[in-house]
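Below you will find one chain, with nothing else, as structure tokens; this is the form predicted alone, and questions on how it binds or moves follow later.
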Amino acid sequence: MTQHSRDLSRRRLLFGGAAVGAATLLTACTSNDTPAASTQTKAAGNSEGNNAPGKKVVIGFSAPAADHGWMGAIHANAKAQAAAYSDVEFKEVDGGSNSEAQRSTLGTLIAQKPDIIVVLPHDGKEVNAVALQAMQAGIPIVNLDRAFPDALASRLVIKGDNYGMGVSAGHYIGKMLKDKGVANPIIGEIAGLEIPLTVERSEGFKAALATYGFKVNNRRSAEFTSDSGQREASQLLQALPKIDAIWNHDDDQGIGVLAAIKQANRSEFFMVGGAGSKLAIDAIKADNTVLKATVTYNPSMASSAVSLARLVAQGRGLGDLTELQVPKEVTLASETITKENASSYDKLGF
């Protein structure tokens, strides 16, 4: 293979899409020929699909320590998905409890030269430089969940719809309150860690509530853990003698939120959760607490990240898409789980 050919191959792997020469591009832009419609459609009858074994690839993986249920499911899902492929070797490094620890272990992983790395950073800004280092070394990065600020720090971003999560929660609460005829509701919000994704969630929530003429009266910041949820919920309940609705961003911290509500003997309001944990889904089905709905942010995205990383590393595209390369970004929809549809989400609960 010539150096030019190697450069073209590396461009396709790192950034997706075909590396087209200038002469080819010029011809394509100036030609008067009309291509047949079939040239941009996926060939029918391709029975192999993306699960067919390809070349052996090594997928590195780094995510924060599993200090709560959602993160634990991220680790478990990624590992299980990799094990489902005979052509994947999975190398997980300890993401530790902070960005400094993650940067260190990621550096070690990069030195081992895997074919691709899936990274869920503690904080996108603080791990951005190491991701750039990997990309510059020819190792594509699949950025999972918490985004890097630099677009050049990843080949692919797969994440939940944080803004849409807030929108879904806001519309559920807004419609419920309107249907009840509540004119000036008191609405509480218990957010998670103050990182960009949490800000996006709050912005979506605020925007959706505004369409009903409503607003958040008191917002607290927890840390995605049960203890912090109980602490912040206790303070919220003390600050607001009367509440009509609460949105809690995270079902793991929601365990503590519900404990605080029970301890305070409060039940005049309803609550919406976030993420879609098995405990939350069961509580919604039982309908014996203030929790009436949750909006999804499912850790199944880790499984999808590994599947997509495999395809990128193998130079393959998605089976049902016409394009030859995996897309640059995938955003998963946030759905609303209620008593009426909760049974359909049992298999996704974590």
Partner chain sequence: MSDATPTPTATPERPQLPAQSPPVDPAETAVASNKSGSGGKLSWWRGDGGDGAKRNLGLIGVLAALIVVGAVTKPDLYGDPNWVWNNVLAILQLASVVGVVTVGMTFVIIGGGIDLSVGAIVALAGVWCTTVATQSYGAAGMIFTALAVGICVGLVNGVLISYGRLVPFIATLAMLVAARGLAASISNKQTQVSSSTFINDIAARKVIGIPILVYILGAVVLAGWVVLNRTTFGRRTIAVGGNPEAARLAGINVRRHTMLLYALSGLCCGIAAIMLTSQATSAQAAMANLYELDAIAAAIIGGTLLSGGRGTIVGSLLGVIIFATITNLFAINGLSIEAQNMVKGGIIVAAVLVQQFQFKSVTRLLARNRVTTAT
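All of these numbers come straight from a predicted model, not from anything done at the bench. Numbering follows the first chain given and starts at 1.
This next part talks about the form predicted together with its partner chain, which is not shown.
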Can you tell me whether Leu324 touches its partner chain? I mean in the predicted complex, with a 4.5 angstroms heavy atom cut-off. no
Is His68 part of the interface with its partner chain in the predicted complex - any heavy atom within 4.5 Å? yes
Decide whether Pro241 counts as a contact residue for its partner chain in the predicted complex under a heavy atom distance cut-off of 4.5 Å. yes
Given that the partner is absent here, does Gly256 sit within 4.5 Å of its partner chain in the predicted complex, heavy atoms only? yes
In terms of non-hydrogen atoms within 4.5 angstroms, which of the given stretches 247-255, 138-146, 170-178, 101-109 touches its partner chain in the predicted complex? 247-255
Counting any non-hydrogen atom inside 4.5 Å, which residue from Gln81, Ser226, Thr198, Gln133 sits next to its partner chain in the predicted complex? Ser226
Looking at Lys278, Arg220, Lys159, Lys125 here, can you tell me which has any non-hydrogen atom within 4.5 angstroms of its partner chain in the predicted complex? Arg220
